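One chain comes next, on its own, written as structure tokens: the form predicted on its own.
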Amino acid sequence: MQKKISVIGLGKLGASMVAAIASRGFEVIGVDVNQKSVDAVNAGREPVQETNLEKYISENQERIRATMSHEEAILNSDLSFVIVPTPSDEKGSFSLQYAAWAFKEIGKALAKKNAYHLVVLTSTVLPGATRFGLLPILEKESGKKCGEDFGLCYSPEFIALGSVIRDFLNPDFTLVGEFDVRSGSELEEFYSEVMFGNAPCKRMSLENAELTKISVNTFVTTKITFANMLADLCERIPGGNVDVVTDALGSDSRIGRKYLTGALGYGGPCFPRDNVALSYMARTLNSCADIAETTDRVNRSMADTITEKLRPIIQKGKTVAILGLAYKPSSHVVEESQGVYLGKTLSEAGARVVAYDPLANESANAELNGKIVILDSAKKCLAQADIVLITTADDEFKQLLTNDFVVDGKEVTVYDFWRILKEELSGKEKVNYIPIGCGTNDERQSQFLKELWGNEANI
């Protein structure tokens, strides 16, 4: 018999989980403290912007409802996912204040319920937070015992903004940190009914699962930063090409091709803060996480490094156009965006900066607070630009042609961080095209290597 599900928190992940779970035939109750979010879901509309979210909600509206009452949700469901903010604090840790409040409300509701109920924390937390920070709240408020009267799991999702529903329904694996065998078994069974593709379920202790979650993102960011290092090296050798190098490197099954492109640094709401949090946890446990700390430091320095590279050609009256303000293509999220950082640093360095993003103009404008000029098309930016930075590999930018860059016969320098227009712009008149991560056949580079190794050859 299928269980009834409740989801506490109707942000991007929570609302998407409501819609995805309902699409698999389950009845789902969403809970949020924001009346507008509740009203939107009940009206069949998306409470937040996310790919296909409104479609999934409207198509499965008969199985979805939302409320502001935790008690109503708990008493009318069997399994609850808790997906509330766990913001970073000044130490680099994750604050439990919102999760603690939600668990307090859930505990109060459990006190009025006779049947067994499974509570699943999905928000990102650090090792020990679930068992020692949140579980005591459930037991205190409910007056009940975990493992006997209710179950508890920690089970984060591995999703990307812009593809949350797809990623949730088609995971590489599911991660289940379990208080006890019953809790883990019930959650694994639920996942097997919801997810496509028979993804393996990795069950473990609460603490191991908490560590696994932040370790995944930290490892991915390390891989991104390594690829960016290779891109810089390739620029410094004759004919260097990071795409050739990483394609071969990724063919090794120990390494793999994903996240091994070599371009700009990472951003978004998860990657940067998870590195910082892992470093904090290591210091707290009297261990060290030098790799995570170095990855974060290198990534945060990229905008300054690029600005210093451009400083010699930033002259009075010159305009720099940035194409891409979101932290990745097809997203309106600008949190920790490299394009936004570049806009700030280049403006502070004296450049006149114009910019455009297909989805993120509004959010970037709020973040930049008038420091640069945001236009409503890429072509309007290019019409004013002396220097162009392509900072995201957005499909719209891939369609640009040489004539879009060469306006009124004016020469333009193009820095393409993702090399998406290499075939279109390379060798074109009036275009100084610089694909980041690719070396030239510069005589100075060849001469340097000749001097470096020439003496060895003459021994």
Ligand SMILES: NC(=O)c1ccc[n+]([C@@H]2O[C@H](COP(=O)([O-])OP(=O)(O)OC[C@H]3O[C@@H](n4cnc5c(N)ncnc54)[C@H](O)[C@@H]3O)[C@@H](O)[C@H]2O)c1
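In case it trips you up, residue 1 is the first one in the sequence shown, and so on. Quick caveat, the model's predicted, so the values are computed rather than measured.
The same protein also exists as the form predicted together with the ligand; that form is not shown, yet it is the one meant from here on.
**Student:** Please identify the residue among Asn365, Thr222, Thr86, Asn241 with any heavy atom within 4.5 Å of the ligand in the predicted complex.
**Tutor:** Only one option qualifies, and that one is Thr86.
**Student:** Going by heavy atom distances of 4.5 angstroms or less, which of Phe226, Tyr98, Tyr280, Tyr341 would be at the interface with the ligand in the predicted complex?
**Tutor:** Of Phe226, Tyr98, Tyr280, Tyr341, the residue with a heavy atom within 4.5 Å of the ligand in the predicted complex is Tyr98.
**Student:** With a 4.5 Å heavy atom cut-off, would you call His70 a contact of the ligand in the predicted complex?
**Tutor:** The answer is yes: His70 has a heavy atom within 4.5 Å of the ligand.
**Student:** Does at least one non-hydrogen atom of Glu157 fall within 4.5 angstroms of the ligand in the predicted complex?
**Tutor:** Glu157: contacts the ligand in the predicted complex.
**Student:** Tell me, yes or no, whether Leu53 is in contact with the ligand in the predicted complex, where a contact means a heavy atom of each within 4.5 Å.
**Tutor:** Although the ligand is absent here, Leu53 would stay clear of it in the predicted complex, with no heavy atoms inside 4.5 Å.
**Student:** Are any of the heavy atoms in Lys12 no more than 4.5 Å from a heavy atom of the ligand in the predicted complex?
**Tutor:** Yes.
**Student:** Assess the spot marked by Val41, Ile64 and His332: is the ligand within 4.5 Å of a heavy atom from every one of these residues in the predicted complex?
**Tutor:** Negative, none of the three is within 4.5 Å.
**Student:** Given the stretches 288-296, 178-186, 77-85, 366-374, which is the single one in contact with the ligand in the predicted complex, using a heavy atom cutoff of 4.5 Å?
**Tutor:** Only one stretch qualifies here: 77-85.
**Student:** Taking the ligand as it sits in the predicted complex, which residues of 100-124 have a non-hydrogen atom within 4.5 Å of it? Please list them.
**Tutor:** Contacts from 100-124: Trp101, Ala102, Ser123, Thr124.
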